[in-house]
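Okay, so we've got a single protein chain in two different forms coming up as structure tokens, structure 1 first and structure 2 after it.
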Structure 1
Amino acid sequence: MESQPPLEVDRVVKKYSQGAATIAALNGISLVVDPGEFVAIMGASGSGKSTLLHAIAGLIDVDGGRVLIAGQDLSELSDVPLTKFRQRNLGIVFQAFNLIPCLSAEDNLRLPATNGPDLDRQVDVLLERLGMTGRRNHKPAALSGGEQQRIAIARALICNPAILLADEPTGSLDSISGTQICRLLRDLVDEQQRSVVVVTHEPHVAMWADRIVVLKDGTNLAEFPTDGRRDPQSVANQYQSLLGAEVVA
């Protein structure tokens, strides 16, 4: 039997009431992400990209269609099973890091994990892989923005999720730190066959993906491959031609 893809979004609809009107933030979006694939979701403000990521993460209910993670339809899970499923199968990275200030870097990354015989080894491996071994005992205030995001990524990976989701992961970082985080995400795909989905409006972030999906008004507008080129201007040009709006690389 063919294995299920890590992520399948099947004609998902999400509606919100706005006064007397009903707005479809997502209007029949479909998306499949394969094992070891890096997908960037782009779109203008209000296109539905963050709403889509929240639906994929099971943070909001959808009004139609299905979101399947490793074959599991999220709508079939009640609150507590959904929380446990999300913890085991999804890693989520946000722009704001969301680290607990009073905890060390190591304690922050351990938060989602349950104690087990291999946990200490997993922590050591992740800290080394992300270049944070020497900063493990530092609290967030003593870490740079890039270092805090590395710990947030490590925390998202500690339960070995089927897919890693990142919402504007470089939005709070300078360009050098942002490039380091993008390269790290790319390495996770290439070296560990992780599946990664990143929401961004930045061509210099999207260029690290294998495929770019463009949303407009809550629907799939188009998609295109990057062909392995790390060329933000090429991404910006294709994105601009699809949206018909000015995009700066």
Structure 2
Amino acid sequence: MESQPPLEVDRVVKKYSQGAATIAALNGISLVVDPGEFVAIMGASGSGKSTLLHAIAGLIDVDGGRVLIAGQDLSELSDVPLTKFRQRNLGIVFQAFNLIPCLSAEDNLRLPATNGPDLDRQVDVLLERLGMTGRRNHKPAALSGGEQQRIAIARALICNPAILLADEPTGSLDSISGTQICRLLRDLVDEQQRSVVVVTHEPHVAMWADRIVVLKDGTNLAEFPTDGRRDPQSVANQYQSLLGAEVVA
């Protein structure tokens, strides 16, 4: 049997009512992500990036089209099976970090995981990789925005999901910490063949991806490969020229 891609988004539509009007936040978006592929989603504010991630995560019902994770159509799962399916298959980092205030950094990270022989070691490895070993006992209120973001990323990875979804994962990090996160995401893809989908406005984040998908008004405007050159200027130029061409057209 032909193997299914980890993620397939097929002509997805999501509508919202805004007062008397109905807007299509997603208007027929399609996307296939392979194992060991890192995709960056770019697009202007309001183009549908976060809505797309929420649809992929099964956090919102879609009004048309399908989201398939490892061949499973999410709309066929009711609430409880969907939650379990999501826990097994997806790691999610939201634009807001959603850490639990009364738990330490380490306990936030452990929250989605079940205790097992490898968990302690895995917690140590993730904290070390994210430069958070010394902050593991702090509660979120005692962590900087960037530190909270790193714990949110570690928490998304603790169950070893095949797919990691992240919305602006480096948004509140300085450039050194941001690069550290991007390298970690890249390693997950290269060393463990996971699939990573990251929403970002920043060319120096998008340059770590294999492919950049650009959204416009809830549709696929265009996409281009990065050629692995990690050249933020080249990404910025290609992105700008796409949006520029769109404006002219």
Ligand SMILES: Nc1ncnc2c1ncn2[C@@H]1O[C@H](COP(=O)(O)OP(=O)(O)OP(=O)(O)O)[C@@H](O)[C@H]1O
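Residues are numbered by position in structure 1's sequence, first residue being 1. Just so it is clear, the structure is predicted and the values come from calculations on it, not from any experiment. For clarity, a rigid core is taken as the largest C-alpha set superposing within 1.5 Å between two forms.
In this pair, the copy labelled structure 1 belongs to the form predicted on its own. Taking the list Gly218, Asn108, Leu164, Ile212 and the motion between structures 1 and 2, the hinge point where C-alphas stop fitting one rigid part best and start fitting the other is Leu164. Comparing the two forms between structures 1 and 2, the rotation angle of the smaller rigid part against the larger comes to 16°. Its Cα shifted by 4.8 Å, Arg135 is compared between structures 1 and 2 on a rigid core fit.
For Thr114, the displacement of the CA atom between structures 1 and 2, after superposition on the rigid core, amounts to 2.3 Å.
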